[in-house]
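One chain comes next, on its own, written as structure tokens: the form predicted on its own.
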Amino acid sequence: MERFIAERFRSFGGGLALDTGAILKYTDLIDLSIGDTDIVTDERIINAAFRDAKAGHTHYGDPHGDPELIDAVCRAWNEDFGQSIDPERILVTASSCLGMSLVMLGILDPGDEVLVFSPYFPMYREQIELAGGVCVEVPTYASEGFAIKKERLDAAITPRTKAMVFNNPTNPTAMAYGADTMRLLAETAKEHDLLIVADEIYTSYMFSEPFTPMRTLPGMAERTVTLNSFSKNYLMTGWRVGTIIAEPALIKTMQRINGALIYTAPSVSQRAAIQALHDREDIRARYIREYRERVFYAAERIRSIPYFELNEPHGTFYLFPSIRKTKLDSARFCAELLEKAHVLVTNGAAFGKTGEGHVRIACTVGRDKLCEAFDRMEKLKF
């Protein structure tokens, strides 16, 4: 049967696949590996979806997206960021993961190169390569605060470079980039005629300064594709709904591709997303504060453990400590942590070349579980 598998899949990576065997093996496992929020979606969102499903929103919807949701997205963007967006620049997608795949399928010809800043979300490489592109890593380092350096960025650009993916704030490093970095990327994109694919799905989890979208910078609206999701900001991971903001010609192309894959995002999920936008201020106030408190509690505990080193977190609900003091590679450290402490974290090497020597910890369990996990870690010796 393997001979029938397409060549491009034969060395295809595994992304962030869960170790299901480990989950089943340990009855007291504490799972800090997955970026799925533990809080159930706000009841108002669930009730709105139920009400609208009962009212008949259970059929195929508009392939472009529910018109009411698109209007709500445009209105919220204008209110939050002071930039007007026309409905023809919006495509509703069944998650931002699908959205990123649509972008890559829509812009890449075979051999086109896309820059990603390592450490990066592992799905980027797979989404780029599935579209026939080449994923080019631009390294950033914990010792430099994961700063994006102009000389490394310039060195990575070739005549085949077509786009760069910019995730802000960043999974896995918990870095949030400010005005200087964004200007650097914007100037580079203009100089080399590149597209910036802005993965902006953690915008509510900014700890040091307010979030600024890439497309709001001068001259960047026409060369930015913005990916948003309801999964993280609105605690709706299982609903699978997101949006793409881009120029109309690209939106039309991605809509055609989307039609061949899924036709339209789930109608009930889109109705839920309308309610999420309506209540977004209260949701941020009630829930985002909880994750911020967890992140800083976890950071304090990590810094008290001798074999860890950690940069200050600036966004998201992840932490990316170095484990180099243990003299173990990331895979071995994760295995020993699981075996000895029954705590599951993510191998940093999954996030690119500069992820090796780190692990990702997701603060997606309650503080009591975080406390128990770090109590177990403190007892370990390496």
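One rule holds for the numbers: they count along the sequence shown, beginning at 1. From a predicted model like this one, the values you see are computed outputs, not experimental measurements.
What comes next is about the form predicted together with a small molecule, which is not displayed.
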Specify the contacting stretch among 133-141, 151-159, 119-127, 250-258, defined as having any heavy atom within 4.5 Å of the small molecule in the model of the complex.
119-127
State yes only if every one of Ser204, Arg292 and Thr364 has a non-hydrogen atom within 4.5 Å of the small molecule in the model of the complex; otherwise state no.
no
Could you check which residue among Thr226, Gln275, Ser96, Ser269 gets a heavy atom within 4.5 Å of the small molecule in the model of the complex?
Ser96
Since exactly one of Arg240, His192, Arg280, Arg301 fits, which has a heavy atom within 4.5 Å of the small molecule in the model of the complex?
Arg240
Tyr318 near the small molecule in the model of the complex, any heavy atom under 4.5 Å?
yes
Is it the case that Ser101, even though its partner is missing from this view, gets within 4.5 Å of the small molecule in the model of the complex, heavy atoms only?
no
Check Asn171 for me: does it contact the small molecule in the model of the complex (non-hydrogen atoms, 4.5 angstroms)?
yes
Is Asn233 close enough to the small molecule in the model of the complex to count, meaning some heavy atom within 4.5 Å?
no
